[in-house]
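Below you'll find only one chain, the form predicted on its own, shown as structure tokens.
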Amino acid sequence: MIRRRLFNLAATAALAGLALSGAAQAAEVIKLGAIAPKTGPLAGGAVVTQWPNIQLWVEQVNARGGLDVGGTQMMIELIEYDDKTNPGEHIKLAQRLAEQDQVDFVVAPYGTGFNIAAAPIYGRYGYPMIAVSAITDKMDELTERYPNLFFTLGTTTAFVDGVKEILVEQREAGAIGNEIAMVNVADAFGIELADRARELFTEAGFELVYDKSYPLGTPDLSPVMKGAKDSGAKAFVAWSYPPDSFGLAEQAIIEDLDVSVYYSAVATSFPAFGDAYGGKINNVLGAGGTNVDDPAIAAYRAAHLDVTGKVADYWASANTYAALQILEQAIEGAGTKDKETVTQYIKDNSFDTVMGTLTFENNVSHTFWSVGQWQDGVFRGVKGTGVEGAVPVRLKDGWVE
């Protein structure tokens, strides 16, 4: 456990120009709890997209004097835990946040499975939970059961549809046939996406000539990629998490996988993905995206690098930051730390974020990117819902720099 009092340094600067009464107010604290992997199979993704954006947001808010809660300035105290990529550990720590640390608000977990597994515990304590790294078709069921739960990244169907649209377009253009090689990580995220893809791809007239799942954390993905290559398909789709997105790309390069469409999911948008493989991954498709030409995104990326020393990824980073902006605006708009009141404020209002204006309909946002693509060293959004700035898809043509 790391208990950060990030408000201390920021408070020194923020309080310097305030009157005595204002300084007394600014010394008050609002506690924020965050639990996500720092170790275990999902740590690689969380340390890229989750933890740096929590740090960025907390430091920025405290540097400008904290949150204005009903006229009282409150500095944020961040209390963070490593769940070790263990759902049981996460739930135990969530209870500790609520009962021992008595935090006022929480950051939603990292990963689809963790958001679903932890929804009951956060619901029990009434914390508004903005699930920024979760994709599921069970949103209506979950939000009805847990009215404090919000989703920002879109449904499983929407994500599969984005990929399906690209496959159909390229088939019509004669770049691929009906054959698809598909693989998935065997956890809640990958299983649900693969199940839906089987339905939608088949309905669109495609044939899954290779369909393979593998356990989360599989160290050797060469057999998976060899099977995909042997299938002869000109389209490859992987519903993957960070470790395997990297591992699959490495094996695709080694095997010289001959496809015109190559898609892998989470972590394909990571800067480290481009750093690891350079121009070899040009025209690789992946989950999510942003409009990198948007001035708001450019300003966000510059701040992320300046404050954290790390380059933001091209999808979940900005979405994670946007979720925290929503929480900030809801607390200040409601003018209270009362969790139920803040939850209702999120339901009833729109929010100005780095990802644009976001509004929840039945606790679900319908503004999101579903597919992006590496094009000349930049990961650009190519498919989305309610977004602007999508660019045309390019075909994959070999794995040479």
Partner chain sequence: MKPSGWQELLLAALFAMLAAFVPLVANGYWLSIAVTAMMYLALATSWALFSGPTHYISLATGAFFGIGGYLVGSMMSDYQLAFWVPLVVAPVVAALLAMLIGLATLRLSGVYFVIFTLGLAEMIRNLISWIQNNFLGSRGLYVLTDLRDQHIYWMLLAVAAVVYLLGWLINRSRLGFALRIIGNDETVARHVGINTATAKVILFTTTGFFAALVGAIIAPRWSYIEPNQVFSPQLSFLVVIMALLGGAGRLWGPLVGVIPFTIIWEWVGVQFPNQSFLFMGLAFLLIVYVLPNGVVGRIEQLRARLREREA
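Numbering follows the first chain given and starts at 1. For clarity, a rigid core is taken as the largest C-alpha set superposing within 1.5 Å between two forms. These numbers were taken from a predicted model, which means no experiment stands behind them.
We do not show the form predicted together with its partner chain, though everything after this point is about it.
- Using a 4.5 Å heavy atom cutoff, none of Lys226, Glu250 and Arg301 lies near its partner chain in the predicted complex.
- The single contact residue among Ala272, Ala296, Ile191, Ala158, judged by any heavy atom lying within 4.5 Å of its partner chain in the predicted complex, is Ile191.
- A heavy atom within 4.5 Å of its partner chain in the predicted complex is found for exactly one of Glu165, Glu255, Asp82, Glu328: Asp82.
- With a 4.5 Å cutoff on heavy atoms, Leu216 counts as touching its partner chain in the predicted complex.
- Under a 4.5 angstroms non-hydrogen atom cutoff, its partner chain in the predicted complex lacks Gly232 among its neighbouring residues.
- Under a 4.5 angstroms non-hydrogen atom cutoff, its partner chain in the predicted complex has Gly113 among its neighbouring residues.
- With a 4.5 Å cutoff on heavy atoms, Thr136 counts as touching its partner chain in the predicted complex.
- With its partner chain omitted here, the record of contacts in the predicted complex names 143 to 151 of 201 to 209, 277 to 285, 143 to 151, 168 to 176, defined by a heavy atom within 4.5 Å.
- Contacts between stretch 178 to 197 and its partner chain, counted in the predicted complex as any heavy atom lying within 4.5 Å, involve Asn184, Ala186, Asp187, Ala188, Ile191, Glu192, Asp195, Arg196, listed in sequence order.
- Relative to the superposed core, Phe159 shifts its CA atom by less than 2 Å between the shown form and the other one.
- After superposing the rigid core, the C-alpha of Tyr241 moves by 2 Å or more between the shown form and the other one.
- Ala188: CA moves 2 Å or more between the shown form and the other one after rigid-core fitting.
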